[in-house]
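This document opens with one chain alone, in structure tokens, the form predicted alone.
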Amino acid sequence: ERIILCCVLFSLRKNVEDFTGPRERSDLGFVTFDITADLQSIFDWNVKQLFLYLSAEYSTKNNALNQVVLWDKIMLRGDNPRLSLKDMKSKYFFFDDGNGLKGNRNITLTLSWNVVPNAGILPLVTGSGHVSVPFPDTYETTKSY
């Protein structure tokens, strides 16, 4: 399989209220990305579908490893196995449990997938396409997403 993950743009919103825990405010980021992938070689006789997902990994002073799923897609047998996605927006919110996104210099995006077979085990595969990019140093307040 050949995977190219490129043209990643991050925007960082002003700290927003976080009602899920004791913290007062959390960073909220948005991602725009392009993915080009040829997954035809994965679809053999025993592959019913693929569950593709784009995840972000990064570290902060509070957590050595943070992992967030930003986007996903189910690809069925018979679908076009060649992806050419341009200017895609994250499907899920990119919340940090604090202020770890602003100015973070090493956020790695990786495309991975689960193979759903006709019979047998469910393997988890991490793709060969990943890219590390920095988050902005300032909060954005005027652009709507």
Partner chain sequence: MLSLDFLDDVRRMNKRQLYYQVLNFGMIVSSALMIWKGLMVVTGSESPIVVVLSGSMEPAFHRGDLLFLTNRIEDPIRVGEIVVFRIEGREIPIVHRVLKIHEKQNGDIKFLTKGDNNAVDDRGLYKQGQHWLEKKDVVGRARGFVPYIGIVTILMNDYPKFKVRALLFPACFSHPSYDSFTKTQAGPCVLHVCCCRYQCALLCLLCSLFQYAVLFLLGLFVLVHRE
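Given the structure is predicted, the values throughout are model-derived calculations rather than measurements. Numbering follows the first chain given and starts at 1.
What comes next is about the form predicted in complex with the partner chain, which is not displayed.
Here is the short version: of Gln40, Asn62, Thr108, Ser84, the single residue with a heavy atom within 4.5 Å of the partner chain in the predicted complex is Asn62.
Residue in contact with the partner chain in the predicted complex (any heavy atom within 4.5 Å), chosen from Asn99, Ser90, Gln49, Thr36: Gln49. Mapping the unseen interface onto this chain, Asn114 counts among the residues with a heavy atom inside 4.5 Å of the partner chain in the predicted complex.
Taking non-hydrogen atoms only, Asn66 approaches the partner chain to within 4.5 angstroms in the predicted complex. Under a 4.5 angstroms non-hydrogen atom cutoff, the partner chain in the predicted complex has Asn118 among its neighbouring residues. Looking at Phe95, you'd find a heavy atom of it within 4.5 angstroms of the partner chain in the predicted complex.
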